[in-house]
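Shown here is one chain on its own, the form predicted on its own, set out as structure tokens.
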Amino acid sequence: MDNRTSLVDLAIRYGFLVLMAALIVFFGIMAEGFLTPFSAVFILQSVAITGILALGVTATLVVGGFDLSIGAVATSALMLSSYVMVVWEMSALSAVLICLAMGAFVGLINGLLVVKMRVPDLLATLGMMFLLVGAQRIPTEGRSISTGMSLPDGSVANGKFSEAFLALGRHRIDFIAPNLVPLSVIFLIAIAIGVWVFLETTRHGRLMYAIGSNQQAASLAGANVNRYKIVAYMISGVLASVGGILLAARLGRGDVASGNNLLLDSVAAALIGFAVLGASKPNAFGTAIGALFVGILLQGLTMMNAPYYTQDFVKGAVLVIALVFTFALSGRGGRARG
């Protein structure tokens, strides 16, 4: 019985990492060129924006919430930054600051709806998602934003994306090979480390975990539950805006349809993170590994010429496996709490 328990504990703790290592070996053998620095960088670049959004989702999960508006916030930042530079002809710095302020404001509204108006988090953020999806299309009547486009009032947008802004999504730095690592990957690594340090090593992070685990007990211990919940949603909004800014910088246009999969992919990465090292709770390290796992899987399938329409099925299967590691093997029910 003890041996069986030990095996289950090992499976819970290391099973997902072993599965990821097995995938890397499998694709390395089956897909020529998979085990190269360029392939690795492509994987990291493909998951950079999703990973940043997933870290925002993680912040809300930590306090017992959930943010369904994160994909819409990212797309709104994509459209807003494009509008600021192309239509209003303002600088890259202005576009970035306005988008970050927008994300913080949306997070603040989400937080107030949840803690002050007592609206369930899923309903509050779902409503915000629909509101933003509609609002981002109104100024251009549903069209993408690019230099020379005709505006609803008949004028022409003469502004353009500055080189400094485009560098956020396109610039690469030297690492092993010249111009290898995209700047967006550096942003992901820096943000993941920052969120991990904040949640795992600071008093505020521990209080946020305490709120997610037992809100009433945390309140009795003196934690300002409402304030921390609002801050969590604001963190989510700001990180979603960062993702939208990087996507706009990569595309060089305000493509209204480019963020369609951001919500599902980021939520999947955050939930997969529950299974990493048997955490059974939202955590920044697990979320980053979850995003990387999905990236490895999709890159390997692409290099093996698997049909594109199988990708959502594969992502769903991975999520189910992660949840099995998290809940079934550990014998827990309901939403995991730290």
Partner chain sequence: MNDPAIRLAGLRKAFGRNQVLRGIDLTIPAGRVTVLMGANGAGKSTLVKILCGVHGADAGTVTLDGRPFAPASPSAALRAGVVTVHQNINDGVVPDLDVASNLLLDTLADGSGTFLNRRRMRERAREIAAAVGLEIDVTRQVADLSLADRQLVAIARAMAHDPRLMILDEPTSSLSAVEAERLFDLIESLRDRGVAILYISHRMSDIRRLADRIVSMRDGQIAGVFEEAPLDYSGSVRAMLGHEMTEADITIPAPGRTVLEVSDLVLRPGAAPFSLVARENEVIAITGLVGSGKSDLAGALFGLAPPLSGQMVLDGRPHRPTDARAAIAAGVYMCPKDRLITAVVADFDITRNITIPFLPRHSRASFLSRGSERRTAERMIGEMGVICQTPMDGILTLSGGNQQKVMVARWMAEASRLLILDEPFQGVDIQARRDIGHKIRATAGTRATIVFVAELDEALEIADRILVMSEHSIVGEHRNENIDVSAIMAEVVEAAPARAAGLQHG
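Residue numbers count along the first chain shown, from 1. Values in this document were obtained by computation on a predicted structure and should not be read as measured data.
Just so it is clear, the following notes concern the form predicted in complex with the partner chain, a form of the same protein that is not shown.
Here the marked residues S150, A157 and K160 all miss the partner chain in the predicted complex; none has a heavy atom within 4.5 angstroms.
Contact between E200 and the partner chain in the predicted complex is found at the 4.5 Å heavy atom cutoff.
The partner chain is not shown here, but in the predicted complex it comes within 4.5 Å of a heavy atom of G222. Using a 4.5 Å cutoff between non-hydrogen atoms, S94 does not count as a contact of the partner chain in the predicted complex.
Not displayed here, the partner chain is kept clear of I193 by more than 4.5 Å at the level of heavy atoms in the predicted complex. Note that among 99-107, 83-91, 223-231, 121-129, the stretch whose heavy atoms approach the partner chain to within 4.5 Å in the predicted complex is 223-231. With the partner omitted from this view, the residue of V267, L113, L207, V185 that lies near the partner chain in the predicted complex is L207 [heavy atom within 4.5 Å]. The contact with the partner chain in the predicted complex, taken as any heavy atom within 4.5 Å, belongs to A217 out of I189, A164, A217, I173.
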